[in-house]
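A single chain comes next, written as structure tokens; it is the form predicted alone.
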């Protein structure tokens, strides 16, 4: 495993709203001895805003071509980036006509279909494996965690690395680090409302409130997630949601890589736990 290497595609939130996810991913993989080489001059995947499929394919063909020239597969911590990269990869691999059309826009979009795209959760559980991870655990993260996958990890369904409707990989990681994955089946693969935030805030807030209250009512000490948009809605917007509905939630929201990093004995500051909006100190107090 120490020789394994991935082309790292951090995604646009990595330097802003999800800097703590980026920090924790890098710290965890360094601890595991897995090399991440950030793709040079990568570009935005199109996020949730670009609706034209061919534009999405063109944006991601460039990223795929960069990785192909480097001879590395892509790993990304962002669920939306994973969705856009992988659906583009599938479409481009499946059609020479589409590859030629995209290549005709600019030489930098020339891609031959030689790259695999993986989400960080897929790499941790399916490539590295629970057994190897368990052997590197230094501390028990004695917390009750609501694993929240969101709606993008299971897409596109034909290439999903986990059950799109009832995912379990994050649950397995939580159990491996000494935590308890609380029953959260109804909400854990539902949308957090993030894609609606700019156009229908009231609906977005209600959707996020349902996730937060569902986790709290299940007895969770925190929510674990693996998507920057979900992180923005459930963590950064939590206070706004409380104010909008006149309620108090106060539930820490952590990236699964932050929780795994604590179990691996990585310092909290290196995992960006001081950058989460809702205070994470109650969780740090449960790490033994």
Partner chain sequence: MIKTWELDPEFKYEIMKESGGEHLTACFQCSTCTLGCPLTEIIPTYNPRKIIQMSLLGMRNEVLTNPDLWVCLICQTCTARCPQDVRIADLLGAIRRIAEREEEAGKLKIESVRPSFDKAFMHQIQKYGRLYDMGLAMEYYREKEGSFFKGMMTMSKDYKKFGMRLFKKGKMGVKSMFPVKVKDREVMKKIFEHMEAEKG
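Positions refer to the first chain, counted from 1. Just so we're clear, the structure is a prediction, and the values are computed from it rather than from any experiment.
Although it is not shown, the form predicted in complex with the partner chain is what the next lines describe.
Interface stretch in the model of the complex with the partner chain - options 126-134, 111-119, 171-179, 144-152, non-hydrogen atom within 4.5 Å: Selected range: 144-152.
Sole residue of 232, 65, 249, 36 within 4.5 Å of the partner chain in the model of the complex, by heavy atom: Looking at the other structure, the residue within range turns out to be 232.
Proximity of residue 213 to the partner chain in the model of the complex, heavy atoms at 4.5 Å: Answer no; every heavy atom of residue 213 is more than 4.5 Å from the partner chain in the model of the complex.
Contact label in the model of the complex: residue 139 to the partner chain, heavy atom within 4.5 Å: No.
Residue 206, heavy atom within 4.5 angstroms of the partner chain in the model of the complex: Taking the distances in the model of the complex, the answer for residue 206 is yes, it comes within 4.5 Å of the partner chain.
4.5 Å heavy atom contact, residue 183 to the partner chain in the model of the complex: Answer no; every heavy atom of residue 183 is more than 4.5 Å from the partner chain in the model of the complex.
Residues within 4.5 Å of the partner chain in the model of the complex, restricted to 26-54 and counted by heavy atom: Heavy-atom contacts within 4.5 Å come from 40, 41, 42, 43, 44, 46, 47, 48, 49, 50, 51, 52, 53, 54.
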